[in-house]
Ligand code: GDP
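Okay, so here's just one chain, in structure tokens, the form predicted alone.
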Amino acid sequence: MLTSICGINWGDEGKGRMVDLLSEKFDVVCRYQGGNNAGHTVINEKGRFILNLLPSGILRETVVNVMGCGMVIDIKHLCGEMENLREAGIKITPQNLKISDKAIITMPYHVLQDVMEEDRLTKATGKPYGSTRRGISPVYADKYMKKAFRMGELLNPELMYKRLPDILEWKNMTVRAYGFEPVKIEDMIAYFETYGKPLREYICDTGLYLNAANKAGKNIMFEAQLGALRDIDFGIVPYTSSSSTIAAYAPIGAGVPNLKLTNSIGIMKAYSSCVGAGPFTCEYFGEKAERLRELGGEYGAATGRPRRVGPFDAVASRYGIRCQGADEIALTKLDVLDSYEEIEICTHYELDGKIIDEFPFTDVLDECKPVFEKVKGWNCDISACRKKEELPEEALAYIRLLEKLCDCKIKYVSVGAERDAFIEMY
């Protein structure tokens, strides 16, 4: 079985929590894109963990974790993340963590580029992209310009160091243009030596490993970062990530383009949240936003930034489900709505005086207005519910309405952050 766990909306849907839960049934969990620009928060009997780079399956001793070739890896951040987990008693060895030799290394100058450009945009236009300032766009740009370093090169550093002068000569043309001091070769060599050496024993051809695992009948889960609306092709460009967050990309980003997914599980919240800049049609403001943000603990796992929040957006969710080819849905944070006597849902958009059902091109999203429908809330604590029959009728009616609006079955419903705080609906 090859299953993708993917985000339906703007990211932060609770994918890490669902990967941790569902990974009990899987032998392998593979991250296939992105870098440390987002985080998956997982709470279980071992504690509370924020994972930026490592697959969420690392918290299960029976799971082998793979970092695929579609990822961009900040090796300094990865070393720190691994050390933090070890201090918490999590076992990490070359047997349960495998890093693709084809994955790209995020360099310090990529982070510098990211910061320089966000600062320039802020001063020049007042409209930065809302980047996490962790070098993701610059490193993906270098990948496609064929000027990036790959993890496998850490196994043969002398050849890597021969490439450094030409790369830095080219890179420093940009750095100087922004008015900064040029990046030094000796600093980059020290970066590789300090943070690259500890990772060498984990680097391998993950494509060979995953193909062998599939041939042996192992169950493989592909873990996405962010959501459909942050995809470089299908998202709200330019307020997106620089990689493909789409489930169909999972086998490619994992290193096994020859394999095909068995199913796709889409993750979406019972309401909407969005971190960073860009159009967000159903956004709440003022007291309504503060209440929902505080109830949901909506602050970015990677950056700590307050997330923008709003009611469930059926227009955006239908589009995300289609992009992800989701066969079923896991609905998270339903319990956040426990105290509401009445709940709003964004069922349509209004554009130029007309009601629309389909998610439009990014350029006109700012002109769209949300059309809300109100439904009765359950106004009680559902966090102890573990069976469908234990949910109040109003909560069941809310779930059924979301299924109807999105035309996709909701199989899992999360009613709390703990590993067992969920309901399997069918």
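Everything quoted here is computed from the prediction, not taken from an experiment. Don't overthink the numbering: it's just position in the shown sequence, from 1.
A second form of this protein, the form predicted together with guanosine-5'-diphosphate, is not displayed here; the remarks below concern that form.
- Taking the shortest heavy atom distance, is I43 within 4.5 Å of guanosine-5'-diphosphate in the predicted complex? Because a heavy atom of I43 falls inside 4.5 Å of guanosine-5'-diphosphate in the predicted complex, the answer is yes.
- Give a yes or no for D114: in the predicted complex, does one of its heavy atoms lie within 4.5 Å of a heavy atom belonging to guanosine-5'-diphosphate? Outside the cut-off, so no.
- Message: Residue-level question: is R134 within 4.5 Å of guanosine-5'-diphosphate in the predicted complex, judged on heavy atoms?
- Response: Residue-level check for R134: no, no contact with guanosine-5'-diphosphate.
- Just to confirm, A417 within 4.5 Å of guanosine-5'-diphosphate in the predicted complex by heavy atoms? Yes, contact at 4.5 Å.
- Task: Select from the listed residues K171, R307, H110, K98 the one whose heavy atoms reach within 4.5 Å of guanosine-5'-diphosphate in the predicted complex.
- Result: Going through each option in turn, the one that passes is R307.
- Item | Contacting member of A314, A326, I220, V336, with respect to guanosine-5'-diphosphate in the predicted complex [4.5 Å, heavy atom] | Only one option qualifies, and that one is V336.
- Choose one stretch from 389-397, 34-42, 353-361, 66-74: the one whose residues place a heavy atom within 4.5 angstroms of guanosine-5'-diphosphate in the predicted complex. Going through the listed ranges, the match is 34-42.
- Within 65-100, which residues come within 4.5 Å of guanosine-5'-diphosphate in the predicted complex, counting heavy atoms only? Going through 65-100 in order - heavy atoms within 4.5 Å of guanosine-5'-diphosphate in the predicted complex - there are no hits.
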